[in-house]
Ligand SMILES: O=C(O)C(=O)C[C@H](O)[C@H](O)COP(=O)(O)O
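The chain below stands alone and is given in structure tokens; this is the form predicted on its own.
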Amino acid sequence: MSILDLAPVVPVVVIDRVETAVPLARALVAGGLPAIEVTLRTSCALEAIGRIAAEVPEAFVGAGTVRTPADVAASADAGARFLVSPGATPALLDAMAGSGVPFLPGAATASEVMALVERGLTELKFFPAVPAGGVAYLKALGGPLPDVRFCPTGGIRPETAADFLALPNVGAVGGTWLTPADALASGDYARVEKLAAEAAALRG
């Protein structure tokens, strides 16, 4: 099963307190979003991935903001089931390919997409989605590169997600709106579950 086929939206999560990881993941899964991208932007991110992997087996937890071969190794060791990078370098691609963990390398231009296709990669992250051209740009890429599927991430909002998902070359979108900071701070996981359920319904 492709990462892009698990749900229409992949929550892109920043976890500041490791204690929130498990209840957060349970709320997202209960709402219908099993694929969860925990970004490596905080000191507790790897521990959070490990806790979700151990305690929420129904979640498909991955690591985002993977930038270096060291990030790849640490994420795989923590239990990440997929990897997402904002861009792609030869060293990073070699490390991700060698990890045995599914991955979505980032691309923002036609040349970057073509370079990844040369490596046999046809499922990619499109980042930063809105600043890089949004729906119109992805639609244009679909003409010469019809065999590539994307997970656009960056600047997508609940009211624009459906426009991206309507494109034939978009498998899922990455969303940061599913885990509002104030909801996490107050432990309002019912709100997270509600937002997840609304996102899961974007593609019937």
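Start at 1 with the first residue shown and count on from there. Bear in mind that the values here come from a model prediction, so they are computed numbers and not experimental data.
Only in words, not in the display: the form predicted in complex with this ligand, which the text now covers.
Heavy atoms within 4.5 Å of this ligand in the predicted complex are found in one stretch of 133-141, 160-168, 49-57, 175-183, which is 175-183. Contact annotation: residue 39 falls within 4.5 Å of this ligand in the predicted complex, judged by heavy atom distances. Using a 4.5 angstroms limit between non-hydrogen atoms, residue 34 is distant from this ligand in the predicted complex. In the predicted complex, this ligand stays beyond 4.5 Å of every heavy atom belonging to residue 15. By the criterion of a heavy atom within 4.5 Å, residue 82 is excluded from the residues contacting this ligand in the predicted complex. Contacts between 151-165 and this ligand, taken as any heavy atom within 4.5 Å in the predicted complex, involve 153, 154, 155, 156.
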